[in-house]
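In the block that follows, a single chain appears as structure tokens, in the form predicted on its own.
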Amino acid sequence: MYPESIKLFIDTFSKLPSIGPRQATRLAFHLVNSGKANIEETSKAVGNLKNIKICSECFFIHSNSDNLCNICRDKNRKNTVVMIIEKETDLISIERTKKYPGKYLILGELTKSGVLESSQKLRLNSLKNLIKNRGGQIDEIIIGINPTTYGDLNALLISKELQGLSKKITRLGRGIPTGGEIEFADEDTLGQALERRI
């Protein structure tokens, strides 16, 4: 029914997060109908992704000539505070606040099983070695994992794994979001807000 090039596009793009076969088909036809110049531009943009590197310290993306991203290269960032997060998009969200002066470790998306995958254990070991090379203990490790049931379980596992490498291990605060109303907050959120009140 479809030309082979469309089938290949659909098969490839339907494997991406949030894009199934139906969405991939719509994308393919959109590109075909937008003209050859737009297809060429899109192809170039996708092709340029092969030049992206992964930071050897925090595992964020970069295109620098060495192995470090801009955050890890920044001498104004605190080496004594590290936040552990799941995804690159979490890092971007936290950076937008302009309120966090430390470094990061991107662990990779956590599963609901409560078991860290081998790649995640390797990344934690990388952090352990980095801390040991910087004196054996830092001021704070912040676990910036989503506040879900399985997020809490994974945060507990990570805390145990990193015990003794930091003066304190903390989690991001929880509570009523700015603009939220007490009336509509669930019990768990209100409880967290009371416990972490300022």
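Residue numbers run from 1 along the displayed sequence. The structure presented is a predicted model; accordingly, all values stated were derived computationally and were not measured.
We do not show the form predicted in complex with a further copy of the same chain, though everything after this point is about it.
- Just one of Ala28, Ala155, Ile142, Leu162 comes within 4.5 Å of a further copy of the same chain in the model of the complex, counting any heavy atom, and that one is Ala28.
- The closest heavy atom approach of Thr149 to a further copy of the same chain in the model of the complex falls outside 4.5 Å.
- Using a 4.5 angstroms threshold between heavy atoms, Glu88 counts as touching a further copy of the same chain in the model of the complex.
- By the criterion of a heavy atom within 4.5 Å, Asn51 is counted among the residues contacting a further copy of the same chain in the model of the complex.
- Interface residue remark: Ile71 is counted as part of the site for a further copy of the same chain in the model of the complex, having a heavy atom within 4.5 Å.
- The partner is not shown here, but in the model of the complex the stretch 45-66 reaches within 4.5 angstroms of a further copy of the same chain through a heavy atom at Ala45, Val46, Gly47, Asn48, Leu49, Lys50, Asn51, Ile52, Ile54, Phe60, Ile61, His62, Ser63.
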